[in-house]
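Shown here is one chain on its own, the form predicted on its own, set out as structure tokens.
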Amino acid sequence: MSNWVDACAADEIEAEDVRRFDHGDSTYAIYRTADDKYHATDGLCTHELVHLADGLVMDCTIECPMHNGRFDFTTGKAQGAPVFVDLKTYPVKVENGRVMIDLG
């Protein structure tokens, strides 16, 4: 079942950057790639529950600001120590200049 939520304006996220989005009791991270594709994951690192939106985006990788754990934000895949648990990813679409996330 789809549950599309309006997260932000598409132009609020710079290319190769990440933005925090809080909804209810949950935090998400929304990413924009250099070629203007948008992705969304859970917003907290699976290692120490640090906000990923404070991290560094490099290509399709987000690096956690605390212990430098890295994830592929297109798949959620953890890329090695200290992170071993993958991030949950969410479908994203852009409609009328707004980034929408399907929180299911």
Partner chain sequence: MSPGHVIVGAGEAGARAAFALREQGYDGPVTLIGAEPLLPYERPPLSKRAITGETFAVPFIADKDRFASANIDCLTGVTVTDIDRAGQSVRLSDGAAIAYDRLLLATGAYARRLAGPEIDDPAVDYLRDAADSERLRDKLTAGAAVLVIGGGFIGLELAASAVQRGATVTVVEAAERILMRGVPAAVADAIAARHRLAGVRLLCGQQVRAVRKTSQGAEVVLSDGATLAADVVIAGIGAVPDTDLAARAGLEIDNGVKVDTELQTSDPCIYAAGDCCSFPHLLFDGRRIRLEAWRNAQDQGNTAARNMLGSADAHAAVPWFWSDQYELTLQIAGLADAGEQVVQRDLADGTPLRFTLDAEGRLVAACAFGPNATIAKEIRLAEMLIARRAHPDPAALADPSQNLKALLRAA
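Numbering follows the first chain given and starts at 1. No experiment lies behind these values; they were computed from the predicted model shown.
What comes next is about the form predicted in complex with the partner chain, which does not appear here.
No residue in the set Asp42, Val85 and Asp102 has a non-hydrogen atom no more than 4.5 Å from the partner chain in the predicted bound form.
Within this chain, Ala9 is remote from the site of the partner chain in the predicted bound form, having no heavy atom within 4.5 Å. Interface residue remark: Ala78 is not counted as part of the site for the partner chain in the predicted bound form, having no heavy atom within 4.5 Å.
Taking non-hydrogen atoms only, Ser26 never approaches the partner chain to within 4.5 angstroms in the predicted bound form.
Within this chain, Asp59 lines the site of the partner chain in the predicted bound form, having a heavy atom no more than 4.5 Å away.
Of the residues in 49-70, those that come within 4.5 Å of the partner chain in the predicted bound form through at least one heavy atom are, in sequence order, Ala53, Asp54, Gly55, Leu56, Val57, Met58, Asp59, Glu63, Met66, His67, Asn68, Arg70.
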